[in-house]
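Below: one protein chain in two forms, given as structure tokens, structure 1 then structure 2.
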Structure 1
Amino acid sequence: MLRDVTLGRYYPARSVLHSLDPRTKLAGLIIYIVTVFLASTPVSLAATFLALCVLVVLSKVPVRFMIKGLLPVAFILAFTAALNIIFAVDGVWKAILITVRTLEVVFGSNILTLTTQPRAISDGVEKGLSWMRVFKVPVHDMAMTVSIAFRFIPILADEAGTVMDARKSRGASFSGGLIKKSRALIPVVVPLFASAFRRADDLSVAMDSRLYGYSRTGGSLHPLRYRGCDMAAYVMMLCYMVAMIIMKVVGA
């Protein structure tokens, strides 16, 4: 199961969304999330949902694949919805609102990670936040940390699987109640941390040897450049946002 981690994984395909600049997509995600929280009526909510469907279609990622990564979230959603229906005034509408909003935010973010390579996301975030360097915020280091962390997720996931297998082959059991499971995981987590530290040690030697940190200026292999499709996308995002704001103001 650990080896099948699909949440946050890139899905290779040729689509409009795949070819956009990461900054465009990040801006789009932020705008989308804002509109999702602006929408408080059935009409505006439907509009955001329609926008999501358009994005899903444009991404050319199979819906089945997207849903697979969202099953863990489904449980939390169902729980929250139930609480609202039982306890809140206007409970049913609140439940729908919260459920749909959460789904939209999660799906929306998922579309970003499915259509954008981790390196592109971190480049986009770094470029977008580069103004923070004025305030001595280590933007480049943070971006590096995040992108390396992303890279090692599947590797550590595999290793966790191996450590668990090694414990199982000595008779350890990972089934049973929550407490029993947690106890059984400690002898897995500790070696995993040790291994992560060992890898980090090696990586830091490798990075130091390759002169990490000696220059924060200079060019990069993939300088981010806006193209026509990005400009078109920005225009459409702006129109969508304006439309949603108008809907809010008008009270639809």
Structure 2
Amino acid sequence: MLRDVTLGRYYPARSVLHSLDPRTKLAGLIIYIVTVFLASTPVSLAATFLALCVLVVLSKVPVRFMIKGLLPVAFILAFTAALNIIFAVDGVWKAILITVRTLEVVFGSNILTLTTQPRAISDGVEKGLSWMRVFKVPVHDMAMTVSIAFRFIPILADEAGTVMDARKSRGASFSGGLIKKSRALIPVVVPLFASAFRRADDLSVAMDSRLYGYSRTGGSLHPLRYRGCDMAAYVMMLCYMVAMIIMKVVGA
């Protein structure tokens, strides 16, 4: 199941979303997440879901591949929904609202990472936040951190799957109740953390050997430039956000 994690994985394809500037997609994700949390009625939730469906179609990423990426968070969603149904006022509606919002945010984030290479995301973050350099914010280091984090998510997921397979080959079982599963995962966590620290140490040595942080004179191999499709995407995002704000104001 852990190998099914799609966050941080890039899916190569020829699509409109793949061709957009990473800054456009990052801005679109922020706008989409804001509108998802603005939506509080069935009509507005349906509008955000429709927008998500349009993005999925434009990405040309198989829907089955995206749904597989939701399996690791399915238990968390079910547990949260059950708590809201039992303890919250209007529990059923709140459970539906939280579940749909979480699914849409996860799907939207997956679309970003599936259609954008990690290096492009790093460049987009650095370029988009370049104005913060005026306030002495280390934008380049922040962007590099984001890029490394996205790269490590699928690597650690695959590593966890390998450790679990090794445990199963030695007779370990990951089935049963919640407590039994939790106990069975404890021997997986220790080697996973050891592997993560080892990879982080290797990465730091590799970065030091390439003199990372000692010079800022180099430029980007592929400088980011907006094109006509990016301008059209910004116009569509603005119209979408205005429509969602109007729906929020009128209570639709």
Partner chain sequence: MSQIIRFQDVSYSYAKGTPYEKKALENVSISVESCDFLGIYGLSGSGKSTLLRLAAGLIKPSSGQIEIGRSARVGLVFQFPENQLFGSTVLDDVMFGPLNMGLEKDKAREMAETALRQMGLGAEFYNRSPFSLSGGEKRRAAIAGILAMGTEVLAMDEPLAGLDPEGQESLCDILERLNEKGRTIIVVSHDSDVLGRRCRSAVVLENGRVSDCGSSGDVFSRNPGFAPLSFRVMEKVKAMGINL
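Under this definition, the rigid core comprises the largest set of C-alpha atoms superposing within 1.5 Å between the forms. None of the values given here were measured: they were computed from a predicted structure. Structure 1's sequence is the ruler for residue numbers, which start at 1.
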| query | Which structure would you label as the form predicted together with its partner chain, 1 or 2? | reply | 1
| said: Relative to the superposed rigid core, does residue 144 relocate between structure 1 and structure 2 - that is, does its Cα move 2 Å or more? | reply: yes
| Core-aligned C-alpha movement of residue 199 between structure 1 and structure 2, 2 Å or more | yes
| query | Is residue 188 one of the residues whose C-alpha moves 2 Å or more between structure 1 and structure 2 after the core fit? | reply | yes
| between structure 1 and structure 2, C-alpha offset at residue 167 (rigid core aligned, Å) | 8.8
